[in-house]
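Read the single chain below, which is given as structure tokens and is the form predicted on its own.
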Amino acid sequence: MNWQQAYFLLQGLWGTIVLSLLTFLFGGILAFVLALTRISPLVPLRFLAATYIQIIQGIPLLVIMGICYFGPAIVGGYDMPALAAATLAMTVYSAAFLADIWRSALQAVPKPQWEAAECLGLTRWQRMRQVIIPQAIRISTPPTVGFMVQIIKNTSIASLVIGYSELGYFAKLLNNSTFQPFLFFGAAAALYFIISYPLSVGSRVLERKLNAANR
């Protein structure tokens, strides 16, 4: 592998990192709102959030990616940039799964904790912020990190559908021009591992700290 080919792969790595970070940010915000809505005392809101989650979880990411990229051009004649379409699709998709993870964590907090917080006269938001959410974070950390690793790997779908230039895209281009699949796909696999492994390590460290704080 020469320097130019290595540079192409690093360009793809940067594209993967950018798309992953945007997905973590916007998907996390939407998932947080959906998780709170799923446990809302208002039945219509719970129904709307549950419907969104069930519909999105039943649609493959590849299809959502195609709708987000080609949909605006067909409906409104507007060409969506590849990064914007990929971010929108990944946000819509990841929020549905993260919301379910976080909703489960919130509901896994023991009932006496909810009742004790209510007895203190705290408002609903104060109960969530000061009592429930800190405990839910400890519960949801392992599955959240596991899903974040999936998000990083799912960025490769963006290159298949809309031609977004991420790591898998450049590995495929280099393989097509040199016919060295083991070299370039192997290098891509190693780079995926390099950006995914620290998340797993960080998750274990954070989990130990949160558990130590609750001993």
Partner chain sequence: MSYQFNFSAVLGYWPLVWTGVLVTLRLAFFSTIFGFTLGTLCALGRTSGSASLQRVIAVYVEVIRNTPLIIQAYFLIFGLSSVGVRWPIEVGATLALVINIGAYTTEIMRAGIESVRKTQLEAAECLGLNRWQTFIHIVLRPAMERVYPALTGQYVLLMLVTSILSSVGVEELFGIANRIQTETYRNFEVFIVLGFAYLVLSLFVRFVFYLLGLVLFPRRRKLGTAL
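Since the structure is predicted, the reported quantities are computational estimates derived from the model, not experimental observations. Residue numbers count along the first chain shown, from 1. What we label the rigid core is the largest C-alpha set whose atoms superpose within 1.5 Å from one form to the other.
We do not show the form predicted together with the partner chain, though everything after this point is about it.
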item	value
Check all three, 149, 175 and 197, heavy atom within 4.5 Å of the partner chain in the model of the complex	yes
Contact assignment for the partner chain in the model of the complex, among 48, 67, 36, 30, heavy atom within 4.5 Å	67
Contact label in the model of the complex: residue 57 to the partner chain, heavy atom within 4.5 Å	yes
Distance check, residue 93 to the partner chain in the model of the complex, heavy atom within 4.5 Å	yes
4.5 angstroms heavy atom contact with the partner chain in the model of the complex for residue 114	no
In the model of the complex, residue 186 touching the partner chain (heavy atom, 4.5 Å)	yes
Residue shift check between this form and the one not shown, rigid core fit, residue 11 Cα at least 2 Å	no
Residue 21: Cα shift of 2 Å or greater between this form and the one not shown (core-aligned)	no
